[in-house]
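Take a look at this one chain, the form predicted on its own, written out in structure tokens.
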């Protein structure tokens, strides 16, 4: 028998009291993060850190067991000619591929993340979303990436969105919950801020920008607003919440800008895979190319890297 979870809506924050976002100020500050000068040693350290924070992802209708197994091998062996590379943080797949990924990763300390709750649209009844979440966890998922009901949020049905997140968090059991806001559909930075606050109060372990299926996906201004929301939530509650920008971050140079922003907004405590992730499929290859350039002075052909 499946138990019905009744979330405590008394914990729903008053979103009318959430401070408004200074959009001009956010855009100006986000642009300044791209002007920081980084020394070679610090750049190499940042590139290694980025690799360790990647959720290597395949979320396509054409995914097969073979493709997922191959991705897992890449997660384990990013590039054998470069010594002392970290492994990625997680491999992110659909629920039906969780078992395949767990088997392929074996004893390696790489998490399996699974999207759930009718990803990417979120258009399904709640009981189906909860069953999909439980299925992924039963198959061995260490992390669940859920999508919020954007239509409900945009209609002001904040209680419904809050309750759904809380119910999915309960269904996750020991698995960590990343809540995807799909910021490209929210429209304004004020809504991004309110959705971030709502998700954290509902129990999110991470908040995440995007599914990668909608444009724009992650951007520096959107991510900055979410980082500031995490900072203020931590000051208010003492609870750390992680951050995952996802979609559109395909170059090492851009990822380094995100790390600079993370450090200057939240500090060193968040500069670990436990609290920060990049949702990406092609970012790893560009980071590897940059590390090869730092080691040899020349770029290696993209043909030397496996296609994700």
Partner chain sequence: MDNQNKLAFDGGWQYAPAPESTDHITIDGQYGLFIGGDFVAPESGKYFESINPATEEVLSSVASASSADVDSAVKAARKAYNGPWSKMKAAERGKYIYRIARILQERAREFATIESLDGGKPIRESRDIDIPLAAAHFFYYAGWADKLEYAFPGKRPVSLGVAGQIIPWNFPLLMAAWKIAPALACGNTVVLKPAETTPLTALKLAEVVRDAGLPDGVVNIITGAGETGAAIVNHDDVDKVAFTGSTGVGRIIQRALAGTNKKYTLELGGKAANVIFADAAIDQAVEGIVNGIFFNQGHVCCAGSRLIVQESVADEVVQKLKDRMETLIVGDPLDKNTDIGAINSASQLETIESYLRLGQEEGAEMHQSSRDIPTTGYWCRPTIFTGVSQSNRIVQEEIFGPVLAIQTFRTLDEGLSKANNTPYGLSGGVWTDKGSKIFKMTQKIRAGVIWANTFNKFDPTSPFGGYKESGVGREGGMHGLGAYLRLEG
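Residue numbers count along the first chain shown, from 1. Keep in mind it's a predicted model, so treat the numbers as computed, not measured.
As for the form predicted in complex with its partner chain, it is not shown, yet the points below apply to it.
For the options 246, 68, 243, 259, the one in contact with its partner chain in the predicted complex, meaning a heavy atom within 4.5 Å, is 259.
This chain appears without its partner; in the predicted complex, the one residue of 238, 173, 83, 125 with a heavy atom within 4.5 Å of its partner chain is 238.
Contact here is defined as any heavy atom lying within 4.5 Å of its partner chain in the predicted complex, and by that definition not a single one of 16, 167 and 201 is a contact residue. Interface residue remark: residue 59 is not counted as part of the site for its partner chain in the predicted complex, having no heavy atom within 4.5 Å. Among residues of the shown chain, residue 79 is not one whose heavy atoms approach its partner chain to within 4.5 Å in the predicted complex.
Within this chain, residue 231 lines the site of its partner chain in the predicted complex, having a heavy atom no more than 4.5 Å away. Mapping the unseen interface onto this chain, residue 63 falls outside it, with no heavy atom inside 4.5 Å of its partner chain in the predicted complex. Taking its partner chain as it sits in the predicted complex, the stretch 32-48 comes within 4.5 angstroms of it through a non-hydrogen atom at 32, 35, 36, 37, 38, 39, 40, 41, 42, 45, 46.
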